[in-house]
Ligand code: HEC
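The chain below stands alone and is given as structure tokens, in the form predicted on its own.
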């Protein structure tokens, strides 16, 4: 991540980061996993993949045990890995889950990873697989959603699933179930097996023990009906030089002639509404987006510059330490932002605030967003 190009902001640097929430897709049907789970066979003697440590561990835990960030599931769960094919994992990491904290990490999306690096992450996870892979077919085998079965399953989903996954599959304490990328990759058999057998060692129960096969099948149709249209992040500018990549000092500052925001305190969490008001008032500040650059390209707060959690050293080097208010945000809602804010505070910066509710709250409030020209806008 050299200052001369946007792609360099994505260059590898040793650090334990990651919103590789792409694998989040993998366990979309699993509830939020506790940090220590029986289904995870931790190989303490095995070295951790450098790619995994940098891009995934921040959210998914040092060895895929989950719980590093809000709703980030355990992706080294043996039962899950038997169901998830290499292509399922590859495409999930490449494309992410637009509209969720799971970023697109492929270079085509403006992310940092080559397919070779993604395969290295998959190989690391495979060490935790228990047993031979299960045959769950291919997405082309999926049957059309039956509206009658969807309605029949609605009360069951409301009673047994919505408290974790949300009424519309939007995710609460568990991953989202309504992302189109996930639905393009997951097969009916993947969903059926997950609902029936659960995820041993996690809060995702085995529902075959409490409901007949027909009811499980109804739930498959219901979950399938939740797939919301999303545009996978792809940018026309991947790897090109960007003007923002060369900014430093005063060039990073929004409204350089404005007054400082009135955040109290100035060095803690701040509400999105307060930041919106400060922008409207033309207050002087520096605004950083700690998500993957592919997310920044698809939609960011006006004037925000990328400082991705996996390569934020550049932000630390270039920020003037002159008392200017710094505001950092991410999407989960603030694990990655907390990391950058903590590093800035440790380096002596005295006014570093983190947007408490995160990016998606900002979006859902209808506050203004900007996307990079040539990149599909955040939906």
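All figures in this text were calculated on a predicted structure; none of them were measured in a lab. Positions refer to the first chain, counted from 1.
Below, we turn to the form predicted together with ligand HEC, even though it does not appear here.
**Q** With a cut-off of 4.5 Å between heavy atoms, is residue 197 one of the residues that contacts ligand HEC in the model of the complex?
**A** Taking the distances in the model of the complex, the answer for residue 197 is no, it never comes within 4.5 Å of ligand HEC.
**Q** Looking at the partner-bound form in the model of the complex, is residue 190 within 4.5 Å of ligand HEC by any heavy atom?
**A** The answer is yes: residue 190 has a heavy atom within 4.5 Å of ligand HEC.
**Q** Report whether the minimum heavy atom distance between residue 269 and ligand HEC in the model of the complex is within 4.5 Å.
**A** Contact with ligand HEC, no.
**Q** Check whether residue 109 has any heavy atom within 4.5 Å of a heavy atom of ligand HEC in the model of the complex, and answer yes or no.
**A** Outside the cut-off, so no.
**Q** Going by heavy atom distances of 4.5 angstroms or less, which of 134, 184, 86, 203 would be at the interface with ligand HEC in the model of the complex?
**A** Selected residue: 203.
**Q** On the criterion of a non-hydrogen atom at 4.5 angstroms or closer, are 105, 113 and 175 all touching ligand HEC in the model of the complex?
**A** Looking in the model of the complex, the three residues 105, 113 and 175 all sit within 4.5 Å of ligand HEC (heavy atoms).
**Q** Pick from 144 to 152, 272 to 280, 255 to 263, 90 to 98: which stretch has non-hydrogen atoms within 4.5 Å of ligand HEC in the model of the complex?
**A** Result of the contact check: 90 to 98.
**Q** Within 4.5 Å of ligand HEC in the model of the complex, which residues of 117 to 134 have a heavy atom? Give them in sequence order, or say none.
**A** Residue within 4.5 Å: 121 only.
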